[in-house]
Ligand code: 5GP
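Before any questions on how it binds or moves, here is one chain, the form predicted on its own, in structure tokens.
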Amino acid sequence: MKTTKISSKLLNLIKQSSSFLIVGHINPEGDSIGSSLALALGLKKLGKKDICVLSKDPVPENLKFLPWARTIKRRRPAREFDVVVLVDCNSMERTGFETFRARKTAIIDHHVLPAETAKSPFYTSLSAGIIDPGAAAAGLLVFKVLKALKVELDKTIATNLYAAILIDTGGFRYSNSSPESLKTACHLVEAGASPWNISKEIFENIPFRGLKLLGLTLATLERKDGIAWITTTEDMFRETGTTSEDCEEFVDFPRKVKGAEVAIFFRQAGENVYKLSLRSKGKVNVRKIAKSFGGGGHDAAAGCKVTGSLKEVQNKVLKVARKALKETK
């Protein structure tokens, strides 16, 4: 199993602190929610009593089954904490909050750290943390932190961590489904996680309105030059009574198109504003595409926000994607 060095600073910070504010990223998915909850439950086992898990956006419907999910707060507490821990993100901007009242800050994340973030006052004042872009999920890093703290895993912690890894490996189908990911999943199953129950809740529990939205979105499917893309508009949200929460996994559908190396999901997020999800089958680094528009993520999964009319946004993004594809030949 791959060895990731767990900072002694991080372990000592956890041991010596009493109150914790744990925060994930905006538009949370299984890794952000599951990893945050697992860390909170692990700290609770260590005897820490003052723990708050915070999320700017609501917990997605298909993740509300996770142990302790209903305790997640959306309003930032007024009181001060010993430590704020950012999980599955590495910047204040990604949390959706401007500031936190905490004496120290830590990060547990697996995304590439942008150069501008590394130079920011927020990052340079960081107390401790672990950032490993080679990890398939933040859940793997939380697992290692808890193991280093000698926390005994139980069903609640194992369920959250299994969900975190399951989501970020695409149900163990993506290229990051490494021996480490699979071995860790085995440990979690042995600790009480149920692969069938977790998979059923996450992948086979889609609201009817969500499938109606998917139908409208798939009708926009296009393919050209090794790129496949779909679009969800605000009119579609209104027609089906849905929100952005209902289309988190939509980008996986153009990714399935035979011959498509790059998949793009254009989601309208306001007048002349589109949020993009990009996926790659391995040849193209979509993080670089997202970065050219101020976004980020992983080599095979990234996102960004682009302004303009739908046609303008698509033309700009597809142009960059085509160039990236040509560079692989």
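This structure is a prediction, so every number in the text was calculated from the model and none was measured. One rule holds for the numbers: they count along the sequence shown, beginning at 1.
Another form exists, predicted in complex with the named molecule; not displayed. Remarks below refer to it.
S.K.: Although the named molecule is absent from this view, report whether Ala260 comes within 4.5 Å of it in the predicted complex, heavy atoms only.
M.R.: No, Ala260 is distant from the partner.
S.K.: Can any non-hydrogen atom of Gly297 be found within 4.5 angstroms of the named molecule in the predicted complex?
M.R.: Gly297: yes, in contact with the named molecule in the predicted complex.
S.K.: Please tell me whether any heavy atom belonging to Lys275 falls inside 4.5 Å of a heavy atom of the named molecule, as the geometry stands in the predicted complex.
M.R.: Lys275: contacts the named molecule in the predicted complex.
S.K.: May I ask you to state whether Leu66 is within 4.5 Å of the named molecule in the predicted complex, using heavy atom distances?
M.R.: It does not: once the named molecule is placed as it appears in the predicted complex, Leu66 has no heavy atom within 4.5 Å of it.
S.K.: Counting only non-hydrogen atoms, choose the one of 66-74, 36-44, 298-306, 52-60 that falls within 4.5 Å of the named molecule in the predicted complex.
M.R.: Selected stretch: 298-306.
S.K.: Along 76-104, which positions have a non-hydrogen atom within 4.5 Å of the named molecule in the predicted complex?
M.R.: Result: Arg94 alone.
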